[in-house]
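First, one chain by itself: the form predicted on its own, in structure tokens.
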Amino acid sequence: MTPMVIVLCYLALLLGLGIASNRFFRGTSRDFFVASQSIGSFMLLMAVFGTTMTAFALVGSTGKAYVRGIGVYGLMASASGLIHAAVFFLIGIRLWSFGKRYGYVSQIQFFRDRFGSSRFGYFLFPILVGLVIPYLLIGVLGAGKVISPISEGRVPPWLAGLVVCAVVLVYIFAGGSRGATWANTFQTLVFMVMGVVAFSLIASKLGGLQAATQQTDPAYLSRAVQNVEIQTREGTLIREVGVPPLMFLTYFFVPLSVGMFPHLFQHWLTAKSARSFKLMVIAHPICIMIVWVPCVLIGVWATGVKEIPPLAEAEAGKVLAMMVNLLVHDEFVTGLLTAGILAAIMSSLDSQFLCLGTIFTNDIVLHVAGRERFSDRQIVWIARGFIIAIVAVTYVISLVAPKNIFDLAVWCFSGFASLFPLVFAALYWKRATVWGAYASVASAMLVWFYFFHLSEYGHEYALWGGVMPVTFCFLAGAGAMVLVSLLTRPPSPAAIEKFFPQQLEIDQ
């Protein structure tokens, strides 16, 4: 029970941090939603990085590397390191500038204003919520996959997910966006340090880097596609290992999703100034490497560890916890490592819960009823109430959802990536119109749902030669935006002047 005691202590520490952040809460809705734009460079980096590194990065990448091999690093980590930084620079800073100038606290407020359409917000709201819920599922499912093996089955996955949701809710209630940022900073430092420690200990137990690699099937150390025979109790399983070239190339669309994550938009708005983005743009790729390299290698090494029985792809998410439990025999260290994995999971859940409460309150309730009808205190409680509802819905869905965290995450990211043409056109193309925006979102989502249905709702799915469905979703959204915008009336001169000034002030 030692690891479980340490995990409980860690959760209690998080609760204490959240309660402490409440002492700095200014009582205003703007402080609850965007921390009064008071977050500096380091905490912005930690919050944004912690938000993007979910159970997908730790639990999911290790499991996927166990299935497909070393090429998984190239699929997501190397692409993300470059593309995330570019999106932060091209999209994040510009959105922060408009948010500060016009008082936005959500994506939908920006798009409504940019395209001059109140109805577009109602159209976009259910799509954003629908795409965030699978992202939330990744965290809830990841908690169960981590805690259940460590507790040797004493804590069932449903209970682990419930406890994690409850802890996150408490510190969001207490501190809002500031509480989430503080918690994210702490949790990001924890899981980065613990990830390096876990990697070092596991490598040492396997005889060092060279010995651990030598005992691995060479098929898992190559990006080339090969069929590997795996002996299971049910018989021989043929597994495709490696990454097809077209899959490798088309995965580069997936990291564009960060440009449309509503929770990242909210984190960007918390920045003190545009200068706060400098550290994030430079250090984010380095942080990705620090986390992904150990996770992918642990997953690859697990294929050569005889004590780990052959796992089906749906069960591969257990690999990280099994490697820790098997090779790290010190219960105290095992507890610390488990807390580190939970830190990565929870650092995303809080931001996502908060962003859903933010967009529901500001873009639905206040937009319909009028802001003057509510006090700041009432606005905060409306957001908290919706967060509870979303958590409840997400938790119930997690009990019946597909268990493959990596693939579920890729579908979620693909949906947001297919919306990237919307935000890029809104920021950089004067000719983009509201009807082009409608067509872009509708086309992208129809194509996405078609492929999501073919995947049996959340499993890995690729087309000819490994082409990822996100390719067609992205192209459908971009093509519809360009074509329909050119065929409809251009935006008014006032709208163009508002969002395309001669000089955009970002150094404030």
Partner chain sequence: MSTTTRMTGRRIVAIAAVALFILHQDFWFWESTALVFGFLPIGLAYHALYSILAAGLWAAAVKFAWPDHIERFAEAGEPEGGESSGGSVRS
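Positions refer to the first chain, counted from 1. Please read all numbers here as calculations on a predicted model, not as lab measurements.
There is another form of the same protein, the form predicted in complex with the partner chain; it is not shown, and what comes next is about it.
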- Task: Heavy atoms, 4.5 Å, the partner chain in the predicted complex: which of 239 to 247, 123 to 131, 328 to 336, 181 to 189 makes the cut? Say which one.
- Result: 239 to 247
- Task: Please run the contact check for Trp411 against the partner chain in the predicted complex: heavy atoms, 4.5 angstroms, yes or no?
- Result: no
- Item | Pro285, heavy atom within 4.5 angstroms of the partner chain in the predicted complex | yes
- Item | Exercise: Pro218 in contact with the partner chain in the predicted complex, heavy atom 4.5 Å | yes
- Task: State yes or no: in the predicted complex, is some non-hydrogen atom of Pro309 no more than 4.5 angstroms from a non-hydrogen atom of the partner chain?
- Result: no
- Query: Between the options Ile382, Ala321, Val167, Leu297, which residue brings a heavy atom to within 4.5 Å of the partner chain in the predicted complex?
  - Reply: Leu297
- Query: Of the residues Gly207, Gly304, Pro156, Gly116, which one places a heavy atom within 4.5 Å of the partner chain in the predicted complex?
  - Reply: Gly116
- Query: Can you tell me which residues in 202 to 226 come within 4.5 angstroms of the partner chain in the predicted complex, by heavy atoms?
  - Reply: Leu209, Gln210, Thr213, Gln214, Pro218, Leu221, Ser222, Arg223, Ala224
